[in-house]
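Quick setup: one chain, the form predicted alone, written in structure tokens, and binding and motion questions come after.
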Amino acid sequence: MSAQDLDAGVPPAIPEPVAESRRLVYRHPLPIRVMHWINVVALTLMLFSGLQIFNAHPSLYWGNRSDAGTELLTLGARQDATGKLVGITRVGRHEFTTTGVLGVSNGSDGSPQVRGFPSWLTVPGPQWLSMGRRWHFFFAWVFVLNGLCYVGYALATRHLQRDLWPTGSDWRGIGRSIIEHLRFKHPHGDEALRYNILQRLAYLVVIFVFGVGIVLMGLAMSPRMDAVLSPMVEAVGGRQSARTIHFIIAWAFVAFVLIHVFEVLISGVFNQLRGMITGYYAIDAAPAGAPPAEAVSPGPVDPAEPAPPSPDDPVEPAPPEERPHD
């Protein structure tokens, strides 16, 4: 402001306040967060104990029998011309050398040992079949009961119908969603609070295809259950077929988890973890003058949740509301 303006009595200009660029929403209620972390523990220990069980006979077959020469997959070993152990992975008639990882890996004393999967991938120990089975079955039931609780909660709160079931608009935008994922482009603002079509389909497949399928195939392998489930065992081709399907679905779970973790890393790992630990997730605030976003019905509010962060924080808390996560 010039001296002439001051002499003329013109008041100094007051800078306009800058709108907050971020705000917090209450995205994940306590039951969802608890069930999510139970699944993380259960699936991890189911996988590692399952690999220990697999190591007792590291081959897969199709049908009811496990005859030599009919393997679909084998993790084994042979000796080379010098007598050194060589790890071999055989898929059908194709053979690959996988020494150090599959077939042959170092034991606790550092010497190479014949073992399907390495000892660092097996629990509760490098070679303990009976206890590995106990661990596997215990956490399998944890996984089943937790999954039933999740489905019941999702139906009761309409989380399944509202956030996971694809709408006509979702199907029409599937092409754009594929392109955005390939470009690692993620939504911002209120658009980040809902699943896109690929996320919805992925979660539905994981819950109702992978989850249900791996449990049924696990039961079909049990000598006490195959009589009860004999029509299903026959439908998939036999107990060895059920074991093979069980193995494939287990690694499909691993692939899903790796993709899920990758998306978390590139879309803001701190923000995503805060959302799944505290329930609060930060999104970009709408710019000044922008039309209000389309209303989305809030989820149930958990009275046991802590109060939102203080207004003195760098982000402005919003009223509690549930939103899906990546």
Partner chain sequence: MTDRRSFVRMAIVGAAGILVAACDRISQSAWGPNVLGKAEGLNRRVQALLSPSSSMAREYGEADISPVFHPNGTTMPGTPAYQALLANGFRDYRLQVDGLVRRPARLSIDELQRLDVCTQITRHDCVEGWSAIGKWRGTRLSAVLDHVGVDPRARFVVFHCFDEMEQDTPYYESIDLTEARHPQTLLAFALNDKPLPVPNGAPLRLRIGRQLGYKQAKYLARIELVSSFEDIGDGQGGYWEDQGYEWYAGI
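All of these numbers come straight from a predicted model, not from anything done at the bench. Positions refer to the first chain, counted from 1.
Omitted from view is the form predicted in complex with the partner chain, to which the following refers.
- Residue contact with the partner chain in the predicted complex: residue 56 places a heavy atom within 4.5 Å of it.
- Of the heavy atoms in residue 224, some are within 4.5 Å of the partner chain in the predicted complex.
- At the 4.5 Å threshold, heavy atoms of residue 48 reach the partner chain in the predicted complex.
- Contact between residue 119 and the partner chain in the predicted complex is found at the 4.5 Å heavy atom cutoff.
- Contact check for 31, 159 and 267: none of the three has a heavy atom within 4.5 Å of the partner chain in the predicted complex.
- When you look in the predicted complex, the only residue of 152, 110, 92, 125 with a non-hydrogen atom within 4.5 Å of the partner chain is 125.
- This chain is displayed alone, yet in the predicted complex one of 138, 210, 203, 256 has a heavy atom within 4.5 Å of the partner chain; that residue is 138.
- Of the candidate stretches 180 to 188, 75 to 83, 166 to 174, 226 to 234, only 226 to 234 contains residues with a heavy atom within 4.5 Å of the partner chain in the predicted complex.
- Residues of 153 to 191 include none with a non-hydrogen atom no more than 4.5 angstroms from the partner chain in the predicted complex.
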